[in-house]
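Read the single chain below, which is given as structure tokens and is the form predicted on its own.
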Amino acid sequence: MRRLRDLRVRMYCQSGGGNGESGAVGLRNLRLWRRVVQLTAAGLMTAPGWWPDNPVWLGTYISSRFCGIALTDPLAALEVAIAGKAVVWPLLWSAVPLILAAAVLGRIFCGWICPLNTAFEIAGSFRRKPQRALAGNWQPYWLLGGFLTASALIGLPVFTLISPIGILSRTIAFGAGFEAVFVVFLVCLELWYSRKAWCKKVCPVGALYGLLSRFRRCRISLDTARCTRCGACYAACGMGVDIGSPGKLAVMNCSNCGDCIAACPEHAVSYQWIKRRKGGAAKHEPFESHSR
């Protein structure tokens, strides 16, 4: 099945569909809005530098204050609690807004906010070589468990100390240091190895957001009656998700970025709002997406 899907993707790309000509109006709208959000999020981190007393933003994407609300990366809060073997309630409460957002809307931090993902996508727009097929797997989830175990054994928030998201956030906010070499290496990996290799194979932050969003309300759904199996949605997905699959890995790896929605020439892919019924059954309710 994977070979057949990859063949359809190659045929789609060779036919010119991979350049976004099909469904171009939707592609421009949704990607434009997402890019505006991504660049605004990255720009916010520079605000304290040119407006020290601004009431909107202070900090990085590991720990910050947004419009007076304290926010902490859930993995950072978890690692600190495990390393210190104590619950720091202010830190825990500051992670709650992001946990709730992931539980309802999915990995929107990855798809719409993460500065590292933004750097990957901007770098990827300059790639001229065909991308290497690199499917997502359970590896980031195993690494998440490994980093949490290491934090408990060492007594330090291990991944938070070396997180490239934190490094890039500090680079944007305070200027580049030697540690920025790590981020440059990951961007080079994006250019010459595979699209979002870090996100698909390593990132424990994304893995935790994937676990938190396992039963989210807002999901990407595929209308099989409209689908012509052209492969456009799969070609557009940087995470290599099998669009519309109810599998655990497909659901948890999807970042709800909407690139597959915008790329579909048949409008067969859309956001769906899922309502749980008694007994565990799910009711899918489509709502109007920005790509229409």
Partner chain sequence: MERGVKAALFIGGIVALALGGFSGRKAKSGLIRPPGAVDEALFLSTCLRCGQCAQVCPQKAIRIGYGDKGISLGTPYIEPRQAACNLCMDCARVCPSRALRETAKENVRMGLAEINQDACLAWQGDECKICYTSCPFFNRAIQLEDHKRPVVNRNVCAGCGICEYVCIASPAAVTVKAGR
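Keep in mind it's a predicted model, so treat the numbers as computed, not measured. Positions refer to the first chain, counted from 1.
Beyond what is shown, the protein has a form predicted together with its partner chain; the following relates to that form.
- Stretch-level contact check against its partner chain in the predicted complex with heavy atoms at 4.5 Å: of 151-159, 106-114, 119-127, 212-220, the positive one is 151-159.
- The partner is absent here; in the predicted complex, the one residue of L143, A101, A197, V187 having a heavy atom within 4.5 Å of its partner chain is L143.
- Checked against its partner chain in the predicted complex, the candidates C237, I62, M252, C230 yield a single residue with a heavy atom inside 4.5 Å, and that residue is I62.
- At the 4.5 Å threshold, heavy atoms of V205 stay clear of its partner chain in the predicted complex, well away from it.
- Proximity of L58 to its partner chain in the predicted complex: non-hydrogen atoms within 4.5 Å are present.
- Its partner chain is not shown here, and in the predicted complex it never comes within 4.5 Å of any heavy atom of L30.
- Among heavy atoms of V96, none comes within 4.5 Å of its partner chain in the predicted complex.
- Of the residues in 175-191, those that come within 4.5 Å of its partner chain in the predicted complex through at least one heavy atom are, in sequence order, G175, A176, G177, F178, E179.
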